[in-house]
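Okay, so here's just one chain, in structure tokens, the form predicted alone.
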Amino acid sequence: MYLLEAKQIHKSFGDNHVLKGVDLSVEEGQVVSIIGPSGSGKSTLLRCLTQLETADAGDISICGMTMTEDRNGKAVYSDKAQLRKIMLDVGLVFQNFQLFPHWSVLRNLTDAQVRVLGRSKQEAEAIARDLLTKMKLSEKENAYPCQLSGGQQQRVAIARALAMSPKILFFDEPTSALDPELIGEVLEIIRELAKQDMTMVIVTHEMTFAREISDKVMFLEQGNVLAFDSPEAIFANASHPRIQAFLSLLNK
């Protein structure tokens, strides 16, 4: 079953045509990594799929629900109630954490559970504490984001997303704001989620990680999909010269 289907997604900012007919399908339990040079449209694609940007054209469905339908080259969005239902199945982890600085770690994890999902405070806190234990942060529930390292803040952000029980989780360069020594602890959490068959779409510059964790890899270049294939096909047997050139620079 496809949890995500996107067809012919276009997005422009003024005269800058950022996405030029991108197709992406993700099956339940799959991990898909999106790679490519800076400015290729990776984050814009993710933002269109998570309703942070409005697609200009194309069809998008998530968890069997229509988000946009293309009509004569224009993306027509479903009503607000449908879009809200879709977002309840979606989790998003930003590169800059986006934690509320004036809230404790525990409140960062519980507030949306209570307000959006209608869970009791007790249930929300139990879920939050279980997730913090899995993130090896149980002793930090009363800390504030400024008291945490970057890696700890990102693990809290992942726990916050998981607390909403999403069916598909999106990561927008989850390690780009971290010092090199902190990257490993965040990647290890994502590896554990993959072992649990969490459906994930990951925009990343960590090529070794993408090759190791992904079921499929998409290579974007100037808003075009140059390849969408297995990690082996992309990293070991890429036929497109642009992909070969990109990977050869990384290996130097």
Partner chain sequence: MDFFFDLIRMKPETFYSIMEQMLEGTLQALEIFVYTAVLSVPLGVLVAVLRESKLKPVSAVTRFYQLIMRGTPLMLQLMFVMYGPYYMFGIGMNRFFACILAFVINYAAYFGEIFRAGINSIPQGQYEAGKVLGYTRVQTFFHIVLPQVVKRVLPPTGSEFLVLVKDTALANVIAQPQLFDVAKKTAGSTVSVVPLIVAGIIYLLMSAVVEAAFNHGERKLNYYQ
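Numbering follows the first chain given and starts at 1. This is a predicted model, so every value here is computed, not measured.
Omitted from view is the form predicted together with the partner chain, to which the following refers.
With the partner chain omitted here, the record of contacts in the predicted bound form names 96-104 of 176-184, 122-130, 96-104, 67-75, defined by a heavy atom within 4.5 Å. By the criterion of a heavy atom within 4.5 Å, R115 is counted among the residues contacting the partner chain in the predicted bound form. A residue is said to contact a partner when one of its heavy atoms sits within 4.5 Å of a partner heavy atom; K136 fails this definition for the partner chain in the predicted bound form, lying far away. Although the partner is absent here, Q51 sits close enough that one of its heavy atoms falls within 4.5 Å of the partner chain in the predicted bound form. Proximity of D111 to the partner chain in the predicted bound form: non-hydrogen atoms within 4.5 Å are present. Contact with the partner chain in the predicted bound form, defined as a heavy atom within 4.5 Å, is made by all three of M87, V90 and M164.
Residues are counted as partner-facing when one of their heavy atoms sits within 4.5 Å of the partner chain in the predicted bound form; in 144-158 these are Y144, C146, in sequence order.
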